[in-house]
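Presented below, as structure tokens, is a lone chain in the form predicted on its own.
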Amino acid sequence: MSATVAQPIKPWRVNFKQAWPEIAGAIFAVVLTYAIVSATPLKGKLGFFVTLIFVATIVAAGISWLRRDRKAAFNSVSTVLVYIAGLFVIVPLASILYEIVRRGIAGLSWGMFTTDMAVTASDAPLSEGGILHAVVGSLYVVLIATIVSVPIGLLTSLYLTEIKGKAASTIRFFVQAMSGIPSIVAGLFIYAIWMIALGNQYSAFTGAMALAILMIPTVARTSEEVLKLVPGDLREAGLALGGTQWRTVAMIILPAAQSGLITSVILGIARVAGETAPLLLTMGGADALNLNPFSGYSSAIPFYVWKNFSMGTELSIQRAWSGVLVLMIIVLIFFSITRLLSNKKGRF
């Protein structure tokens, strides 16, 4: 006769009997908040939200105190405050995404991605013209800026964390200083040096150089912090096995920090993908498709959005919102693909 196998206890599973005081407390907090808002001058969404925070905190602390003790009450208060802090992050983000989708979805169509604005005015019907020239221009500037800035940023972070030479403190100071440079300053620098002093013309490559200046410190600082998280035992093990410093870095340190380094690249791209000011001074803003990133006027989605918003007509503003939505979709798709490629089992 087989013995009965005892089922494992799963304390993390909360049943209704354990959760009903919290559920009842949440309902009571909402009802009490409605009553307070109705009976006092605290009207509107803001008044309701602020009142709900205080009521929910007091109710959660009271329930925990009655069910357990004073320490549990303080823990409930801190938990509520953490959730509220999370809402302060999630709610604005959700509001921004909702507003972009709501305002931009009306102007989306397949023809928008197959034509440019070479023969179409900004206040023309939405069925005419498109954003193809701006999409291609944005891909050019982001790709070139990434190719230029990522090697420089990664090598800088390796120097600061692995080499630790005499100039490390100076380089770290300048990297931190570059992080605070306004984007318009980067555009003015490229305009003054590359275009005025050297005599070059507007192009997507010129705009990419301005974005690379903004991207380098982001990649360098983030990569430095990621490399610092790699355990020192890995470095010592590589050297103990007879590997040189560069082989240890190339074959142990970088693979261990691969996921974090890709994240630093993503943050760098996010830093420059929506920049407009440097592109106003370096790209020229053509309405026609330009497949040569090294010559001729070009456009980008931020430039397209700025130009249509500046027109001020109803249709041009609708085109601008659609451009913002397209930029957001492209960035999200790129980030998702990058994260999928970086999430490999066994990586640091």
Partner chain sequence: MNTAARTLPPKRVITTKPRFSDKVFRAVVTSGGFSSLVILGLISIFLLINGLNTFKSEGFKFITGFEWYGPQLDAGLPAQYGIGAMLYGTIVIGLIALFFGFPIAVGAALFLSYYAPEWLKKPMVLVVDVMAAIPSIVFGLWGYFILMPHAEYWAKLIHKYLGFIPIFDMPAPAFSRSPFIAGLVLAIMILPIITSISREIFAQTPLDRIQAAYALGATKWSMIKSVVFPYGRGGVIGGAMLGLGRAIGETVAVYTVLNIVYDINIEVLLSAGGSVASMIVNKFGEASPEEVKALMAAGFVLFLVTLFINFLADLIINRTARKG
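Think of the rigid core as the biggest set of C-alphas that the two forms share within 1.5 Å after superposition. Everything quoted here is computed from the prediction, not taken from an experiment. Positions refer to the first chain, counted from 1.
Although not depicted, the form predicted in complex with the partner chain is the subject of the following passage.
Between the options 121, 188, 139, 252, the residue in contact with the partner chain in the predicted complex by a heavy atom within 4.5 angstroms is 188. Screening 28, 309, 49, 297 for any heavy atom within 4.5 Å of the partner chain in the predicted complex leaves a single hit, 309.
Look at 86-94, 123-131, 257-265, 109-117: in the predicted complex, residues with non-hydrogen atoms within 4.5 angstroms of the partner chain sit in 86-94. Contact annotation for residue 238: none of its heavy atoms lies within 4.5 Å of the partner chain in the predicted complex. Heavy atoms of residue 233 never reach within 4.5 Å of the partner chain in the predicted complex, leaving it off the interface. Residue 61 falls outside the set of residues with a heavy atom inside 4.5 Å of the partner chain in the predicted complex. Using a 4.5 Å cutoff between non-hydrogen atoms, residue 200 does not count as a contact of the partner chain in the predicted complex. The candidate site formed by 226, 292 and 337 is entirely out of contact with the partner chain in the predicted complex, as no residue has a non-hydrogen atom within 4.5 angstroms of it.
In sequence order, 274, 276, 277, 280, 281 are the residues of 272-287 having a heavy atom within 4.5 Å of the partner chain in the predicted complex; the partner itself is omitted from this view. With the core superposed, residue 158 shows a C-alpha displacement below 2 Å between the shown form and the other one.
Relative to the superposed core, residue 86 shifts its CA atom by 2 Å or more between the shown form and the other one. Superposition on the rigid core between the shown form and the other one places the CA atom of residue 51 2 Å or more away from its counterpart.
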